[in-house]
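Heads up, the chain below is alone and in the form predicted on its own; it's given as structure tokens.
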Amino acid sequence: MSGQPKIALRGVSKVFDVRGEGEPFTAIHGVDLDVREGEFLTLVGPSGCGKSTLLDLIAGLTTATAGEILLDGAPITGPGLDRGIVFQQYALFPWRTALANIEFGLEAKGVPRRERAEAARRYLDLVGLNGFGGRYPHELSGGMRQRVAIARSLAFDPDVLLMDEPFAALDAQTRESLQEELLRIWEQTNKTIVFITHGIDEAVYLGRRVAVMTSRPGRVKEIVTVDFASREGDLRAGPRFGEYRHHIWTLLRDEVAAAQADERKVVGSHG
């Protein structure tokens, strides 16, 4: 259907029962969000605002308390091979080589061994790790392990790539390098990407739209369209980048303060 979003969230809320607490915990409330096909959408918000909960719901790892989540117009009822997930922790199998890790999703799809090996090599090359296929995770740097995790998610050809702060544990240089790599891969594959981050710079650099979330219970406060006349040169040093960064920080400032106040209240009640 023309104009239909790839992913649609309609009035989505998620409430958790907390053991030993009288009050249930509302992580997100009344979230409305459309993600277009082939879009790179970044999601930024204060700590504890429900960003990861939102991603888990889209992944089908948990179910909404209220509202609905649609993928290509159909309700999401659980995990599926149409969605690939990359977490902050690399989540690689330590007993498998880089190539064998990438093949994992293809095995789940029943792809024959020879085709699996060819596809794994192709995706290893796509993430810039040609020649490292025989290495085990402990023989790779953090950045390399995250590249393998991205290749594994891409290899079974999901429509949607869900990424939960995948570069947060990396040093600044490796993080910037992988941001550029991810944009290159996105432009080549035309995947729909939903990317969670704490970093405003990362959100602006990667996202074609940035969804800014409120403090808990999380809602979408505003969606900022990021449009640079050119992405040549050092984008982060340009005035337009600074304007976007300032605007998003202005949206977030009160939310961060509210989240910190909420945290102090929780700590005080348990003191």
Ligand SMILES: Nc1ncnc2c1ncn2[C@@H]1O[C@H](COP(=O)(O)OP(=O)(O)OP(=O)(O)O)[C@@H](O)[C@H]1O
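Numbering starts at 1 and follows the sequence shown. Everything quoted here is computed from the prediction, not taken from an experiment.
From this point on, the text means the form predicted in complex with the ligand, which you will not see here.
The single contact residue among A27, L57, A203, V35, judged by any heavy atom lying within 4.5 Å of the ligand in the predicted bound form, is A27. Although the partner is absent from this view, G67 stays clear of the ligand in the predicted bound form, with no non-hydrogen atom inside 4.5 angstroms. Among residues of the shown chain, G50 is one whose heavy atoms approach the ligand to within 4.5 Å in the predicted bound form.
Heavy atoms of E165 reach within 4.5 Å of the ligand in the predicted bound form, making it an interface residue. Proximity of W249 to the ligand in the predicted bound form: non-hydrogen atoms within 4.5 Å are absent; the residue sits far from the partner. In summary, the region of this chain contacting the ligand in the predicted bound form, judged by heavy atoms within 4.5 Å and restricted to 228-236, 42-50, 241-249, 203-211, corresponds to 42-50. Counting a residue when any of its non-hydrogen atoms is within 4.5 Å of the ligand in the predicted bound form, the one hit in 209-246 is R216.
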